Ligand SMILES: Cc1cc2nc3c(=O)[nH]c(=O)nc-3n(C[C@H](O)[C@H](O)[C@H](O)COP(=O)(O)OP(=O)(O)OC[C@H]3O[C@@H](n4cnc5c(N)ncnc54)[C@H](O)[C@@H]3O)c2cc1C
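What follows is one chain in structure tokens, specifically the form predicted on its own.
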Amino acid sequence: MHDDEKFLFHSRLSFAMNSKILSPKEVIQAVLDHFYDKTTNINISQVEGFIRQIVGWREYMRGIYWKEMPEYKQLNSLKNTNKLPDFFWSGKTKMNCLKKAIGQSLDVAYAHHIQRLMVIGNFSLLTQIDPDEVDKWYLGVYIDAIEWVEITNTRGMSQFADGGIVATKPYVSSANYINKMSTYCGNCHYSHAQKIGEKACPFNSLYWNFLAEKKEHFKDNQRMNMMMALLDKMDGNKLAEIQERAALIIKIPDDF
């Protein structure tokens, strides 16, 4: 993710495929033809990664939708009930990653996968927003968001509201991940390195608060063992301070 780039290496073909203007098979064949053309300089890892998103993940989402609906639309395994912040409709927030990802989404009706999952979706889950509200936002904002592909990615992969039907663990992270994956943190009001204090990135306190609040839910999830072990080792006073800040962010997110 880059402050000065909206699309980077993403093809932006999802709208055409999801609305059936362009056949996924046609896209895959074009990529294979390009790969086998000896005059091109494209390698197997690029081809595999691109095609896997279409015949792998995209079709998996379609299968989940037809298998699990209509009950899937009501799932809320983590019992999250908070409201969507107002800045989801304006992009006006001091958190640069959200300002960039949401602002772009509102401006061009598109954001690439990592912006949707690990910035916007991550914040939504950490602040425990009702998955109904998250679904409506994604479905209403993105040009490629047709329900069969939107709801399985959002309620399933992003918000873990399905309890693990789509993914085996929630996709949540602290600011450290966002800093590694973007240039956003270098131009932010907050410090990605701080966990406590007014300049500490909200993602840090929200992350540890989420793990603490949902500890019982994830106690038997082996993929969460390492993070839960780190949580258990955290000083009690420090965790209390982190949770106090997280509670304030969740209560008045538009102030941040």
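Each residue number is its position in the shown sequence, starting from 1. What you see is a predicted model; the values in this text were computed from it and never measured.
From this point on, the text means the form predicted together with this ligand, which you will not see here.
Remark: of stretches 103-111, 80-88, 67-75, 125-133, the one touching this ligand in the predicted bound form is 103-111 (heavy atom within 4.5 Å). Taking the partner from elsewhere, no residue among 172, 215 and 249 has a non-hydrogen atom within 4.5 angstroms of this ligand in the predicted bound form. Put simply, of 196, 231, 54, 31 only one has a heavy atom within 4.5 Å of this ligand in the predicted bound form, and it is 54. Of the heavy atoms in residue 10, some are within 4.5 Å of this ligand in the predicted bound form. By the criterion of a heavy atom within 4.5 Å, residue 17 is counted among the residues contacting this ligand in the predicted bound form.
For residue 224, no non-hydrogen atom is located within 4.5 Å of this ligand in the predicted bound form, even though that partner is not displayed. Although the partner is absent from this view, residue 157 contacts this ligand in the predicted bound form, with a non-hydrogen atom inside 4.5 angstroms. Residues of 114-150 placing a heavy atom within 4.5 Å of this ligand in the predicted bound form, in sequence order: 116, 117, 138, 144, 145, 146, 149, 150.
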